[in-house]
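Just the one chain here, the form predicted alone, laid out as structure tokens.
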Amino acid sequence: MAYYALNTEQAKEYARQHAGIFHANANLECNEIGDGNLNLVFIVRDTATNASVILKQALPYAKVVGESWPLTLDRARIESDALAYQATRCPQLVPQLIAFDRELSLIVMEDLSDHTIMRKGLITGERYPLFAEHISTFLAETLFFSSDLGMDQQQKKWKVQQFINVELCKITEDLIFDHPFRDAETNNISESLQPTVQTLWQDEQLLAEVAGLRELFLTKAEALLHGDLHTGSIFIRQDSTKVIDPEFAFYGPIAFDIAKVYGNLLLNYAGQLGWQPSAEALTDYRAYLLQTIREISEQFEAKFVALWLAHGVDPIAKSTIYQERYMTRLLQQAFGFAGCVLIRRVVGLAKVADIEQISDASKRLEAQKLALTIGSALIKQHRQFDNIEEALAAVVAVTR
């Protein structure tokens, strides 16, 4: 079977034959629901039983741009392999992988329509009391057991090869660590924001720190990353968290996955200026977001170190002094990377609804400027942070 892009009728019939949950004569309905930048996504549902599945098909180009930006179809294989690995560590935190069709670059997976995209929930002021516990478990389990600390170090080298993800890493390298920090064609900057961005582009200290963080991303193959762990890649309920869309998976610096979570919570922190009804409500919700980051940091460190002590494969790496240095370094790098995430989402190609959908133009501009200010502060100060309180204090210090 040669590759072709599915339409809704073809997706419906494919699900009938391959999902394993529909009767041959079931009355199925199919809708395309994808709002992402790269893929086709369909939901297929049995109208009688309400049973449903998701079909996700990689396109041979970036959907957000079109055929002028070609992309490898192998990213579907990478996503399938990453989902399979994540399910071995924390199956309760990822969608069930039902099938993968290599020729069609197509994944069939569990439907999570009973969950909400976390970004949407945060915009409306929802609170998720179990999120810190769930995401810290996902991060600790998937990162530790794919690293040299938690698996055979020679086998890990083969895993690095399995998850070589050149084209999607190139997107990250360009859109997070390059284009936002210079006058690149892909940037999308309003006229009112131009003076602020121009100041960033001329900040030599900032650019030097970004260069160092970019070097880490390019060279440090520590663990198998999700690679794009933002709040749009998390389905959530009060009692459940599901991490989706690991098509950017590759072996990279552990701190980057942590940073994507922090950076997107901080984008929402900036954007809440346009969503909360009063100054008191704004202060309260921002405090909740910072407390969530605090809890993720503390729980991740505790869980990661516990796994290290119980399952570490390298005896010399169990030195307490080395572990303390290692965890401090991860914290510092995570907030440095998070700063890049903040700036990218304001200056670069792909925006976030947390800020861009604020209807009041003056509040939207203020939120954009705050996101840039926080991002710049984190990038320039990240190597000075010794603990989570210092990192959060840096955010509060520049909040207006």
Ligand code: SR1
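We number the residues from 1 along the sequence you see. Computed from a predicted structure; not experimentally measured.
Keep in mind the form predicted in complex with the named molecule is missing from the figure; the text below concerns it.
Just one listed stretch, out of 130 to 138, 198 to 206, 223 to 231, 283 to 291, contacts the named molecule in the predicted complex at the 4.5 Å heavy atom level, and that stretch is 223 to 231. In terms of contact with the named molecule in the predicted complex, the residue from 367, 54, 38, 343 that brings a heavy atom within 4.5 Å is 38. With the partner omitted here, the residue from 358, 43, 350, 28 that has a non-hydrogen atom within 4.5 angstroms of the named molecule in the predicted complex is 350. Although the partner is absent from this view, residue 307 stays clear of the named molecule in the predicted complex, with no non-hydrogen atom inside 4.5 angstroms.
In the predicted complex, the named molecule lies farther than 4.5 Å from every heavy atom of residue 251. By the criterion of a heavy atom within 4.5 Å, residue 175 is counted among the residues contacting the named molecule in the predicted complex.
Proximity of residue 171 to the named molecule in the predicted complex falls within the 4.5 Å heavy atom cutoff.
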